[in-house]
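A lone chain, given as structure tokens: the form predicted alone.
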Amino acid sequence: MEIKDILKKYNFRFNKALGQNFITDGNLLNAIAADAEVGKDDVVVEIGAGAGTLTRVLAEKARYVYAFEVDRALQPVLDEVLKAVDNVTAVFSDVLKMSDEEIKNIVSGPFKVVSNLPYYITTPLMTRFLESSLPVTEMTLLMQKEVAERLTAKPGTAEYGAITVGVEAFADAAVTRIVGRNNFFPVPKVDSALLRLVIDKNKYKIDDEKFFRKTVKCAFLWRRKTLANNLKNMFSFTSQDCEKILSECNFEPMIRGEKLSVNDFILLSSVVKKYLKNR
């Protein structure tokens, strides 16, 4: 039975507030699993199981799949779509509201995240896993094309921002394919991209991750202002303090945050922290 027929059978109504757009094309579903390099030894966490079409494909290739879904109206749909597989647990809960320990109690050991994401939770979900203590090794996420471009942007470009730095600092990210809007049901207003992130928490030597993130946020909080102005506003530095900080980092006096690389931000956060401690 086609997925549209199953949805109709259970009188399912799409919830716009949840950003529900399901994939029906089998070739695309297999391509997502292939790009995520899901193999027989992998445990996969899927966020937003939806109608279970991706869940079923992942289950065919992985050792086990934990499919998280917030819409309980999809339970009978998932039960039917997944009735032929025995290596899936559907969890009706919101991972953004769960603690690391609550997730660990469900999923034990390292896992990969694979998801056709509702667009509105893309950044919160990535941040939630990148900043967690969970043993997630990779994330392969289908998201709005413009967001994927922002996440893989280079310093000095209009798309480069705090989230770009946050991803680059803790993962290697690459767009594996562009996905047209007509591959979804119902059809969204924008095209999508599949982004794969291989997580490496030791990619850079960051002594204080919390303060590093605060410094990055500071640099982009007022994007049109210079870095010196942002430092002054965020940390209540004097103009003379800011001049010394930028000089110690060997940055130009009028530099803006979007010009800085991850290594630049690591240096900046260290110097700023030192000045805050000594004043």
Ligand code: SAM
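For every residue, the number given is its place in the sequence shown, counted from 1. Here the structure is a predicted model, which means the values were calculated and not measured.
Not on display, but discussed next: the form predicted together with the named molecule.
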Report summary line: With the partner omitted here, the residue among T137, S93, Q75, T89 that in the predicted bound form has a heavy atom within 4.5 Å of the named molecule is S93
Report task. Heavy atoms, 4.5 Å, the named molecule in the predicted bound form: which of 199-207, 163-171, 116-124, 100-108 makes the cut? Say which one. Result -> 116-124
Query raised in the report: Has each of D241, S247 and S270 got a heavy atom lying within 4.5 angstroms of the named molecule in the predicted bound form?
Result: no
Query raised in the report: Would N230 show up as a contact with the named molecule in the predicted bound form if we use heavy atoms at 4.5 Å?
Result: no
Report task. Give a yes/no on whether V45 approaches the named molecule to within 4.5 Å in the predicted bound form, heavy atoms considered. Result -> no
Query raised in the report: Just to confirm, V262 within 4.5 Å of the named molecule in the predicted bound form by heavy atoms?
Result: no
Requested in this report: Using a 4.5 Å heavy atom cut-off, state whether V57 contacts the named molecule in the predicted bound form.
Outcome: no
Query raised in the report: Which of the residues spanning 4-26 lie within 4.5 Å of the named molecule in the predicted bound form, based on heavy atoms?
Result: L18, G19, Q20, N21, F22, I23
